[in-house]
Structure formats: structure tokens, C-alpha cells
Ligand SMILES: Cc1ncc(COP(=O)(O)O)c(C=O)c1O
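A single chain comes next, written as C-alpha cells; it is the form predicted alone.
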């Protein structure tokens, strides 16, 4: 009698099938980042397989970074996304400093970002639906009704004391020990960086920057007539200290600018030990570090990363931040802890804009003191962690082979490396015709180093955005297919 062949896979491969099925459920959104998946025993009963097969499957998913085990709790979908996604390459910019000339391109992109008829995948705007708008409106309305005439005075630098107290208290969570008197309130984070560069540089000076670097900072460098020296940067752990030291030894660098926690556009986060090494390196050469921590609170891990300011022993770190990403971009409230340069920054603040509006400062101070800010942050961290994973997985599904995507552990932007023959400006024009905006990589380098990169905003994820991304993927496929 001839034996019938079996179509069933050997038992040794059953765990791979289970791992693939769980991965598919996660990619489809059935299980989202942070969700608990079925226990080993539940999955064993559902799939009618042995517990050892399920354990093997879960161990495989752990090694891939898809799920994570929590002691005495079970298995959960990782908030870091699928760690097997191919990452962009480490940048390799020019060794020479460059003048910045990006304002026309920046203004074109920003104008398109205000068009409500376009699917907004470009500008790094927070998801307005996740902001505490109603709560802030109530606070400001009550303050406006009940506050004394003193609220209508100029709140000259350093700004409203109640707000500076709250900022100083929160700074303990990221390793900082400074007092309210060490803080200057600014009109947004951009002004904080502008004031810092004004305080330590003059036209023609060289500023070392991460490459790529947020185009808002590049605009400040352009306006001030400075020269930018791009330093190679890893998409996961930030600026290359070896390359930075080489640059310092061969150039008269006056300041270094970083976004050490969840950079824009990389999403990279410099490990805490490397932050310490960075600060110590600059201390040896007495070079100030201007560090933008605007996304530092938007972490997806269990613990907030420290700031470079936590390792500052000489007052050289000028830590900047704002509440634009997590409370309201329109209130225009930021701050800086400028270390030894506090007097210069205060004077420049008074000279350039006199004061930051009082009512928004008071409202944010009350929101922080009430505990509402912590509740708000927990909510948006969950949403942004999920949205980043969903967007990155959708990019890998719909974009052509050769595409690379960053793996941010905080913030809400993705840096996407396209096949080499795809020009991001050409893609930008094509996307506009299809009702989509994005941010071309040209904006993040004064030397046009990132022509085949784009930045995507993952602050929101819904069916409309998913369909827009599918259309965008089709455009990239079309451009990549041309010789």
C-alpha cells in the first residue's frame, strides 16, 4: 500500500507559523503597541499545540523585537516596533562647513502644510485631537476673568516665576539639578535656540550640527550668518563623537547643536552614557552645547531618558525645550536653562522680544501644578508609540525594496531613506498633485546630502492617512522603477 504524503509541516516548524500569525495580527492592528497578547496557555489551547511550541514562538518574537515579556504579567506588543526593519545608513556629510540657504524651500513646504485639503504627512505638527485644548481654554478663561491688572504687565525675563518653579521641579526627572532662577522663559523653543546661538556666536562662526538637522535650526543658522559643519550621525544613537572630536581639532567650532532625545528627523536618542561622554568632550575644549529637548517627554520606554544637562559641570550646556509638542503649539511658550550664559540670554531676550505673553505662561504653570500634564503625557505617549509603529510598518508594506526606516523610541516623526534614484523634491511635487504633503530630505542639510530621504509625520494614524500613504507608496514605486 502506497503511503499518502502529508501536507502538514513538521512539528519543529509549528512555532514559526504561530510567530508569523501573531506578527500578522499586530501588523493588521488587532494588537497595538503596549497591548497584552494571549498567554502561553491561552495560545496553546487556541492553536491546539503544545505549550513548548508557543514558548518557542514567543521567544522568536522577542528576539525580533515584536513582543516583550513582563515579569508576572505576560507578553505585550513592543512599543519599539519591529526591530527588523532596515534602518537608514549613518550620514556621511561634507568635511567642510557650509553656508545655509534653504529659506525659499522651507517656506514653500510650510505654506503647503497649512492647506486643509492635503493629507498632512510632512510638517511635524502634533496631533491636535490629542492636545488638552478644552482644559487649557478653561484655565485661561478663568485666569482672564479673575486675575488682577498685574497680569497685563510685561513679565520681563526670566519670566513667570510659577512656571519656572514647575519646570525646575520636573527637570529632576531627567537628571537636572537647577533652580527656578536658572531658567529663562522664551516664546517657543525656536526662540530659545536663537537666543543661545546669539549668545555664543557671531556672523561667520562655525557651528557643528547633527546631520541631518531639523530645518528650523538651520534657518536660525542662516539668518544669523553662521556656517554649519555637519557631523555624521547614527539613526539610532545620535552624533558620532569620534567625528565631532576630529571636527573640533580641525575647525574653530564655537558651538555644537544637538537634539539628543528623539531628534528631528531621525528620532535617534543618544544613550545616557554617550551623553556624558559628549558633555565631557566639549568641556575639554570649552565649547558650549545647545541641546534641544523638545521631544524628551515623548518617550515610549518605561523611563524618561536623561538630558545632557544632567552631566554639565561647567555650565556649558544650554538646555532648550517648549510645550509646543504636548500642550499647544499656538501658546508659544518655551524655556532655556543656559548655564553660564544666563545673563547674555536674558539680555538678548529682553532686547529682541521684551517678554513672553503672560497669560499662556500662567495657564501652563497651573496645568503642570495640577497634575494634568502627567496624565496628558501618558495618553499621547501611548498614541504616538502606536502611530509610529503603524506608519513604519505601512511604509515597509507599500514602498519599494531598498527603502529604509528609522526606529524611533520617542517623538512622532519617521526618517525614510528611499531608493537612490528617487529624488525627494520630485516626489514632493508628485505627491502634491495627489493631495499629499511630505517633507523632502533637502531641508535637513545645507549641502543637499539627503536628496533621497523624506520625513513623515506619525502624530496621527487613521484610514485616510493609511490610504494616502498607500498612494504615496505607489508614487515611490513609480519613481524607483524608472532608469
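Positions refer to the first chain, counted from 1. Computed from a predicted model, the values in this text were never measured in an experiment.
Not on display, but discussed next: the form predicted together with the ligand.
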From the list 308, 211, 356, 292, which entry has a heavy atom within 4.5 Å of the ligand in the model of the complex?
292
Only one of 274, 332, 254, 382 comes within 4.5 Å of the ligand in the model of the complex by heavy atoms, so just point that one out.
332
Residue 188 near the ligand in the model of the complex, any heavy atom under 4.5 Å?
yes
Applying a 4.5 Å heavy atom distance criterion, does residue 325 contact the ligand in the model of the complex?
yes
Give a yes/no on whether residue 260 approaches the ligand to within 4.5 Å in the model of the complex, heavy atoms considered.
no
Considering only heavy atoms, tell me if residue 124 and the ligand come within 4.5 Å of each other in the model of the complex.
yes
Partner absent here, but in the model of the complex, which of 152 to 160, 188 to 196, 373 to 381, 340 to 348 has residues with a heavy atom within 4.5 Å of the ligand?
188 to 196
